[in-house]
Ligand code: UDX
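To begin, one chain is listed below as structure tokens, in the form predicted on its own.
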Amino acid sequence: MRLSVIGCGYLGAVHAAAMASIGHDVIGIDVDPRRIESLTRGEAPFFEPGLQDLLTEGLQYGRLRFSTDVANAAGAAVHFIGVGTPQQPGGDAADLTFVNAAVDSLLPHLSEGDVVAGKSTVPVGTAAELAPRVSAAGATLVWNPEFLREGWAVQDTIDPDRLVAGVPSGRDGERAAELLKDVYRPAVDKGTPFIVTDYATAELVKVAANAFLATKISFINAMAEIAEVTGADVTQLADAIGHDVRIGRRFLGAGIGFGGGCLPKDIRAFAARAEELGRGESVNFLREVDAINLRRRDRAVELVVEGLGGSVYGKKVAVLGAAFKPHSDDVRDSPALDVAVRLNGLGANVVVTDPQAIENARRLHPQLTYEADRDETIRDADAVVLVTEWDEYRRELTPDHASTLTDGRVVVDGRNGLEASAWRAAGWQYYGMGRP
């Protein structure tokens, strides 16, 4: 099938390459000429495991190409909208500028019977507002939310755990759902649930999922706050309650909290939309979820200050991590980078390392010092802070090896990913998040 993908950022580039990999003929469209030039050369504009191989393969076999001209989308049977919906400047609501612009640019190039499939995360009610414009061009709008995890986005696109299609009622909706099912035929034939809903439900599925995950993370971080004043160990607490099949252990890792380009802005936009709908009280808890999340960054900084005797001024602090999570170079709303910036503001000599995110971090915060080599980052540091749980730091860095690099013996584990007993046995002052 011939497909177009409007928007070739994180979501769109992965979707385009993944769809080409399962045999479709895909054209990716973006207004950024540098991004399109990079993709056309087969160079992934960001780090995502597996994406580079898919780009190379798709271009080599002629199933994937890119353009800045939306007219090249004409002739595709399904047009995916994968543009960003950032937080509005000065507010919490989602900015739909790029979604509206993408739809408007596509309208003149639609043909009778085309399907426009929105993948962007939008406030509930957006699809209903866009649908008449798409229908007037002879096409049908569906809403097909994405459920990508950065670091696993390629796998999540090719082999998703569920597919959701929000469609209009009637024959057009039924036909559009069947066409979308054909797009995802390999996954559907494997038994992946294909759930057909109305527009509003499809939009809510995405934001509700993100709200639930954010709530689960902040819940265990709230328990960490209690553990810190009672002497309890939040990691043992999470293990114990995680055995309850109704709760589960995943997303119960206490630490410095969530970040990235999705969870923070999506829960804020969800709360803002609920207020617009007159149901703000229904999701008031999301404000506290956000507040707990931000407090954990404060706590990590406090632990570094405490470990260094009450002041970090003039002290070298090695910060292990800049990306908001491992297997990504994304520094949007990164808790790791935020901790580094706060320590720098207190007068510390902060040196940041990361396997993938240094250049992105440098563009955002050039005031920090960056070092590609992990060991050089740690060398002569007064304190070491783990803030992104890359294996290079969590599994491969031993306390004995770290001891050969510096006489400093303070380690702050912002992800509770280190073996506390091993570090303490090696003579380090170990500080965890919600751990005695």
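Computed from a predicted model, the values in this text were never measured in an experiment. Numbers for residues come from their place in the sequence shown, where the first is 1.
As for the form predicted together with this ligand, it is not shown, yet the points below apply to it.
S.K.: Looking at 249 to 257, 165 to 173, 130 to 138, 343 to 351, which lies within 4.5 angstroms of this ligand in the model of the complex, counting heavy atoms?
M.R.: Every other range fails; the passing one is 249 to 257.
S.K.: When you measure heavy atoms, are 150, 213 and 263 every one within 4.5 angstroms of this ligand in the model of the complex?
M.R.: Judged in the model of the complex, 150, 213 and 263 all sit within 4.5 Å of this ligand.
S.K.: Tell me, which of 217, 154, 117, 110 has a heavy atom within 4.5 angstroms of this ligand in the model of the complex?
M.R.: Flagged contact: 217.
S.K.: Sort through 365, 295, 316, 325 and report the residue having a heavy atom within 4.5 Å of this ligand in the model of the complex.
M.R.: When this ligand is considered in the model of the complex, the option within 4.5 Å is 325.
S.K.: Can any non-hydrogen atom of residue 206 be found within 4.5 angstroms of this ligand in the model of the complex?
M.R.: Yes - in the model of the complex, heavy atoms of residue 206 and this ligand come within 4.5 Å of each other.
S.K.: Using the partner position in the model of the complex, report whether residue 15 sits within 4.5 Å of this ligand, counting heavy atoms only.
M.R.: No, residue 15 stays farther than 4.5 Å from this ligand in the model of the complex.
S.K.: Would you classify residue 415 as touching this ligand in the model of the complex, given a 4.5 Å non-hydrogen atom cut-off?
M.R.: Answer yes; at least one heavy atom of residue 415 falls within 4.5 Å of this ligand in the model of the complex.
S.K.: Please tell me whether any heavy atom belonging to residue 146 falls inside 4.5 Å of a heavy atom of this ligand, as the geometry stands in the model of the complex.
M.R.: Output for residue 146 is yes: heavy atoms within 4.5 Å of this ligand.
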